[in-house]
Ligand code: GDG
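This document starts with one chain, in the form predicted on its own, laid out as structure tokens.
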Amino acid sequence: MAPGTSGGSLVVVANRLPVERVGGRHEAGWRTSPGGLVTALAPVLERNGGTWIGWSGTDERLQPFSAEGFNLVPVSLSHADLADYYEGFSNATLWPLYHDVTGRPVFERRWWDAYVRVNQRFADVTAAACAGGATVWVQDYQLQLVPAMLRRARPDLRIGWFNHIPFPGYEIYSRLPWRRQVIEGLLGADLLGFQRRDDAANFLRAARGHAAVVTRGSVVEVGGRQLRVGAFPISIDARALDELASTQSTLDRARQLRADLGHPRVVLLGVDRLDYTKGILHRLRAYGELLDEGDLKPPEAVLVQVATPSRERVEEYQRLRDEVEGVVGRINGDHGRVGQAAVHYLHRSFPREEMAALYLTADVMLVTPLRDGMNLVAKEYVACRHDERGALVLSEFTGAADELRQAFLINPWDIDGTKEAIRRAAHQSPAAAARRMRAMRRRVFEDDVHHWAATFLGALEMVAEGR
């Protein structure tokens, strides 16, 4: 694929490519990567065509290639880049700062220098790959400087940026030593998208305070042009998941899973990346207290906790894994029996087919992050429940809580409140469960990933044409 001929008018720029190596580095195989970003954007590129630019996940210097139906342009990153730009500034500075939960952000100047350098590399690769007048959709907090860098190199492009995580309040964001530079990087876009209205409002206040720009409602005046800031709640391919969950093989697997668990009356399920923002420890504490108090009793009740490995080289995440596994061991030691665990803890990722079967098995889905941008697991669970059964216990600190109002909404910091919601969810009548699930399914199917992409790209086109 030659520079300047991007293979389509839509170009997605993200930290990672949507594929990963199968086998060793000299093997030619690639498979679609797991994760929320790929799940959300893969259907968009399948429908619109185009190119995905990102790091390949290896230290190889690769030429543009095609795999799994994607046109791919790799960006090379060194071990030093990964240590300072990704593990350092992106995940030890921005991630805890933007989520404002238990992690303490670290402000290291060397990491910032790497962040600038890598963002420039992404911008250079994108500028070379894009056809004239292409639409570029930059993704997430790792690439906040790319919009302005790209605009300087290619003012002919339409540039959108979408943040998949929260954007913090003014006082929190103001702690960042490079707060003005990040804002100015984002102001290079034509459209900035956030998960929630509060996130968009937080950015607008930060832009006024730290970049001295003028805002009028959702419009920002900058450099003689206008850009728009708005909330565009991300979603899933609900119909594809519904079809997957309705296949005979998935239904058979769900029945087998329930049998493997010992045919309990109530199956509770948590599915999370192993991250301190996800509230796994708080959830386990609530469940453990319910067992201690006799509200739930194994083997009639069982919790399955899937914790997908995450940032395993980072010390804080290693400590979290040890702590979670310690709590799981205590609960099982106190309440389990031979062959009947109170908690089934699975520290690995699973294919979509297995996840759909797990969703169908779960009577109560526990989605309890301390802070989250959207949380697509909540929507995936709803999309799979074509039987209109099941209950969703959902943190009010997720974007999904704005849309799935029929869930049992909780404050995950409130252990007693979480316990009460789990009790109510586990004992609701089939008729009440069906009413709640029907309403949530209606919302997820109406505002699916195609609606999200069409809304964002349509708004980007309108803003760019008026600039």
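Residues carry their position along the shown sequence, with the first being 1. As the structure is a computational prediction, the values presented were derived from the model and not from experiment.
Just so it is clear, the following notes concern the form predicted in complex with the named molecule, a form of the same protein that is not shown.
Novice: Using a 4.5 Å heavy atom cut-off, state whether residue 383 contacts the named molecule in the predicted complex.
Specialist: Residue 383 lies outside the contact set for the named molecule.
Novice: Against the named molecule in the predicted complex, would residue 234 count as a contact residue? Criterion: heavy atoms within 4.5 Å.
Specialist: Within the cut-off, so yes.
Novice: Residue-level contact is defined here as any heavy atom of the residue lying within 4.5 Å of the named molecule in the predicted complex; does residue 374 satisfy this criterion?
Specialist: Yes - in the predicted complex, heavy atoms of residue 374 and the named molecule come within 4.5 Å of each other.
Novice: With the partner left out here, check for me: in the predicted complex, does some heavy atom of residue 349 sit within 4.5 Å of the named molecule?
Specialist: Close contact exists here: in the predicted complex, residue 349 approaches the named molecule to within 4.5 Å, heavy atoms only.
Novice: Looking in the predicted complex, is the named molecule within 4.5 angstroms of a heavy atom from every one of 287, 361 and 424?
Specialist: The answer is no; none of 287, 361 and 424 reaches the named molecule.
Novice: Out of 335 to 343, 294 to 302, 157 to 165, 219 to 227, where are the residues with a heavy atom within 4.5 Å of the named molecule in the predicted complex?
Specialist: In the other structure, the partner sits against 157 to 165.
Novice: Within 4.5 Å of the named molecule in the predicted complex, heavy atoms considered, which of 355, 92, 370, 245?
Specialist: Partner contact (heavy atom, 4.5 Å) among the options: 355.
Novice: Identify, from the list 253, 282, 273, 121, the residue with a heavy atom within 4.5 Å of the named molecule in the predicted complex.
Specialist: That would be 273.
Novice: Considering only 185 to 220, what residues come within 4.5 Å of the named molecule in the predicted complex, judged by heavy atoms?
Specialist: Result: 195 alone.
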